[in-house]
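This document opens with one chain alone, in structure tokens, the form predicted alone.
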Amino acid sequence: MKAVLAAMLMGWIALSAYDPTHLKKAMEEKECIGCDLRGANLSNSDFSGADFHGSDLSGADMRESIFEMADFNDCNLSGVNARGTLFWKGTMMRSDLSSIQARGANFKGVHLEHSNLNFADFRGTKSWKADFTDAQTVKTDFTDAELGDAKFIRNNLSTAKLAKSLLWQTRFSATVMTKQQCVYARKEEALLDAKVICR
């Protein structure tokens, strides 16, 4: 039994261990394309304009950092701690943000097209004008999120939480929603086209 637990622990360490040279490059140059930054500490730092395209940042600590206009396209951001982090006008297309902890983070103007947001915590985020087109949103929590003028196109939001979220001028198209979500969205002056399915 001890041998099994030891093997499991070693496997977890291997999965969460970043490459020190990659972390040094990221901290010094604000650029690390295709890097291994699993579990790395990137908190409380300014990475404005940084390029992390194609990198693995799963489980990283990114709390309270600034990633203004940063490139996170094709990245693994699953399980990241991004509470209070600023991603303003960045790009996260085709990325894995599953189970990200991003409560209170700023996603204003961020491109999240074709990304995986399953089980993501977006509570209280400022996500004005964010683009969620074709994003996966299984049990994504948008409670209290500011989603004004954001885009939800070809999504399935039926298991997502939208309670108390701000949806003024939010665009919903070819999206699956619950009847309750549709009623709430219209009350919030969201824009639902004829392709939205309310069930």
Partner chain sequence: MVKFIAIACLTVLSLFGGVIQEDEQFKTAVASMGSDTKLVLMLYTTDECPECAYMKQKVFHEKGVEAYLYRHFVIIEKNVHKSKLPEGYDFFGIPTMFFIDKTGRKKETIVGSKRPQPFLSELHRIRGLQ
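In this text the structure is predicted, and so the values were computed from the model without any measurement. Residue numbers count along the first chain shown, from 1.
What comes next is about the form predicted together with the partner chain, which does not appear here.
Only one of 145, 135, 62, 32 comes within 4.5 Å of the partner chain in the model of the complex through a heavy atom, and that residue is 145. Heavy atoms within 4.5 Å of the partner chain in the model of the complex map, among the stretches 38-46, 24-32, 53-61, 163-171, onto 163-171 alone. Taking the partner from elsewhere, residue 94 is found to have every heavy atom lying beyond 4.5 Å of the partner chain in the model of the complex.
Although the partner is absent here, residue 114 is not a contact residue: none of its heavy atoms lies within 4.5 angstroms of the partner chain in the model of the complex.
Within this chain, residue 83 is remote from the site of the partner chain in the model of the complex, having no heavy atom within 4.5 Å. The partner chain in the model of the complex is not approached by residue 103, whose heavy atoms all lie more than 4.5 angstroms from it. Heavy atoms closer than or equal to 4.5 Å to the partner chain in the model of the complex belong, across 93-108, to one residue only: 108.
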